[in-house]
Every structure is written in structure tokens, then in C-alpha cells.
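Form predicted on its own, single chain, as C-alpha cells, below.
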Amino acid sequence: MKKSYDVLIAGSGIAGLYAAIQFGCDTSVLMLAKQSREICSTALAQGGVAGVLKHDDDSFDLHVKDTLVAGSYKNDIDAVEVLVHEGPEDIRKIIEMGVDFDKDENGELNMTLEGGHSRRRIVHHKDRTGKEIAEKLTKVAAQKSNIQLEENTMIINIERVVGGFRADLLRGEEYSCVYASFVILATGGIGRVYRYTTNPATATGDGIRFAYEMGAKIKNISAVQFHPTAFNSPNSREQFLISEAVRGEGAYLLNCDKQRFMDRYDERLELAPRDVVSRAIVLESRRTGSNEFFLDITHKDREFLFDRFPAISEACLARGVDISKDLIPVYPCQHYLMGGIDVDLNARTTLPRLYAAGECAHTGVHGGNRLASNSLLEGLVFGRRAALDIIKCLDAGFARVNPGPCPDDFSGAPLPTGIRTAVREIMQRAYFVIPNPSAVRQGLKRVEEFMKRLQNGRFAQTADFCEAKSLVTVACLILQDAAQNFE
């Protein structure tokens, strides 16, 4: 690993990968994955990528409208227009790069329907779309000599220096640092701040903490999305997602009495947006006094189900459920963050040379609730826009960073036990689907105490400490934002 790069990309998901690929051979790019490159939210994405690729019964206006309706019209309309109009070309580009989306018997892209969409516009690779995209984009990146991908390398701190940034790194037990003229934060979500989440172990909100500590603006961070149909497995912290596409292909949502109930809450039934369905489940749970809910797709052909949803079918079988014969137990679970590091249409944060893309960024695209399959699209569009803006800056002669010394003392006291567990319990109780205002205020006081303790104490800069600090920072920001919304 060199000491200095033109661009440092934190994260190896779709936003970071697609951004990296945009740079020419004369721009040195370092991409860092906290664990192995496959452990990211992109690789877990099942459903697909939404985009208006055919205009016979669909249009940009319809996609814009569906996005706004799902987001309760709290979206940034300019960002939505950029996403919807530019996204299809990015989809075509990744197809040219080798991404294999499913096709019908005529060789045409096989598009599916998901909750909140008024048309079939979601392209997919079975139910492993994110994994397919990540693998193919990684292959493209690996062929470019200017891109260096380092796995199992954790960023523990980023600081602004003259002409760019210094990032302090931890690999195993070895500390080092690198300098970069520009940084793109593409660190993904914040799911591990909750007891139950669909997010991978790496989703601890590190990028949001880095941006916050450097003084960048954080916006709408209390806009947390809870997916209505995670596999209900209370003994596991990481929940297996039952994709939106299963309901898109006709699955019914049932209560503890094995009865459909969405007609009580929304005329769109099972295909209502995620926040509507999650809220309906919680309200129905209170009505029935039971947390038992199920998806029923047994009326579909077994061959179709196992071909269309191989990963879901296999994962359910491993848990004793045959989706062609059995009901799938489900319940809402933390899934996605709509807020985050505030950025403009070129993914620029409020700090010079610092960019953010993907789930850690607040583009304004999603508003109050993300429309299904807009997330991978957002990663493509704004990852590319970040890279193109940096290229313009480099072409304009922006000064490169001069590498300097690295810190040499990361020692200190051990991390106090129980902080992360306490934060997760607070968030699950105070801010889950239907927020509890009194629990939010009480929880905020405790989390602020944790924050002061970690900021003011002299603790060893271990991986556990840095992730705990990220989780506490994110929890504090979410609860502060939520408390202000209650006023």
C-alpha cells in the first residue's frame, strides 16, 4: 500500500465500486473494505434495480411519481429527477460490463413488480441481484491497474489535512495511515445500531461518524426504514430478508389467524410501500395481541418459486420452511437509512474534497421512505456523479495532498463492556417502526452519556472501540433528530 493516493474510497459496495471504475489510469484509487469485499449490503440485495428501460407502458414521470408517493413527498425533486432520468443509462452500462439480469424466453429483460411501483420496471438476477452486480463490477475494477482494493482493513479515523485527508488504518493488529486528495465515503448503513437488522456486520455507520467528526452536515438521519418482511428468527441478530419481490409475485401477508389483513390499513394491500406495510403489521400485532405474521405464496408453482427465488427458497429450507408448501414467518426489521451525510447532486458533502454515496449519504432521493429497488440505482447514479466531479477537480488542477507522518500511539484503556448491547436495546425500544417519544427522550440521555464517555476517555483504538464509537454516534444523532421532530 502506497502512502498517498488521489482518491480514497471507503467501502466496497455498489457506490464505491462504480465510482472507482469511472477514474482513468492516471488517477490512483485506493478502495478499502472493512472485512472481505463480499461482506456489504450490496451483496445481500435480493430484489433488483429499478429503472425505466422501456417506454411502452412506463415513463420517467411514473417512476418519479412512485418515488415521491413512497417518500411521502419529502423527497428532493431535483435528486429524484436525476436518479430516474440518468439511472437507465447506468443500468445499460453495467449490463455491458457483464452484469447478467434475467431474461424471458424472447431474450428480453424480465422485469418484476415490487411494493410502491405502478409498473414492472425492476431488473434482477434471480434473488441475488446485488451479489451479481458486486461480483461483476469487482472484476472490472480488478482489471484496472490504477485501482487498489485492500480487504480486512478498517478505517479508524479520518482527519482533514492541507490538500486532502489522512486516514488512520487498522489491519489485524497493525496500524498505518494513508493520505488522499479526495475521499468518497461509501460505507453503507447503520443496521448494527439495532438489535435486529438485515444489514451485515460491517454496517456500523462508520462513514457517518467520520463525516460528523470532521464537521460535515448530517441530515434527516432519523429517517430509518424498517422492512416489513424479514424472516422472523428472534434468536439471530442478522435477519434474513424475504424480498419485496415475493409480494410482487403474488404473496399474501397473513396475521396470526392466517387471515389477510392489509385491507384494514391500505387499499394497495401487500404492494403498499414498506413503511405502510411495516406500520400495518405493528398495528395489527397490537390488535391481535400476537407477533405472528406470515407470507403465503403456496398458490404459486414450486418450480417457478425455486427458479425465481433460489436464495430465499434455500435459506427458508435451511430454517425448516418450504415456501411452496409452508407459510413463511415474517416480522418488520431495521433495513435501510434514508438520511445520512448531506450531499448535493454531485455527491459533494459540505466539506471540500469529501464526497459520500450510497446508503451513508443523504441525497434526498428517498424522502420519508425508500421505494423498493431504488437503492442500488442510487448507488450507481451518485457513485458515478461523485467520481466525475472529482475528475473535473483534478483536471482543473486542484492541488494534491502531500503525505506526512502517521500517528504512532493508539494505546489506551480497554473498551467498557455492554455499551453496544445497551444502545441496541435503547434503539429497539425507542425508535422501531412507530416511535415512542418518551422512550426516545429517555434513551437519548443514556446515549449522550455513552457519547461523552467514549469521546473524553483515553481508550485503545481497537476495532471494537471504533465500531462502538460509530454506533453510539449514530444512535445519538438519530435520537436527537427524532426528539426534535416530536417538538
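This structure is a prediction, so every number in the text was calculated from the model and none was measured. Residue numbers run from 1 along the displayed sequence.
What comes next is about the form predicted together with a small molecule, which is not displayed.
Exactly one of the stretches 186-194, 80-88, 95-103, 249-257 approaches the small molecule in the predicted bound form with heavy atoms within 4.5 Å, and it is 186-194. For residue 374, a non-hydrogen atom is located within 4.5 Å of the small molecule in the predicted bound form, even though that partner is not displayed. Put simply, residue 46 is close to the small molecule in the predicted bound form: some heavy atom of it is within 4.5 Å. At the 4.5 Å threshold, heavy atoms of residue 440 stay clear of the small molecule in the predicted bound form, well away from it. Within this chain, residue 386 is remote from the site of the small molecule in the predicted bound form, having no heavy atom within 4.5 Å. Interface residue among 280, 241, 221, 390, judged by heavy atoms within 4.5 Å of the small molecule in the predicted bound form: 241. With the partner omitted here, the residue from 29, 70, 447, 32 that has a non-hydrogen atom within 4.5 angstroms of the small molecule in the predicted bound form is 32. Site residues 39, 42 and 206 are all in contact with the small molecule in the predicted bound form, judged by any heavy atom within 4.5 Å.
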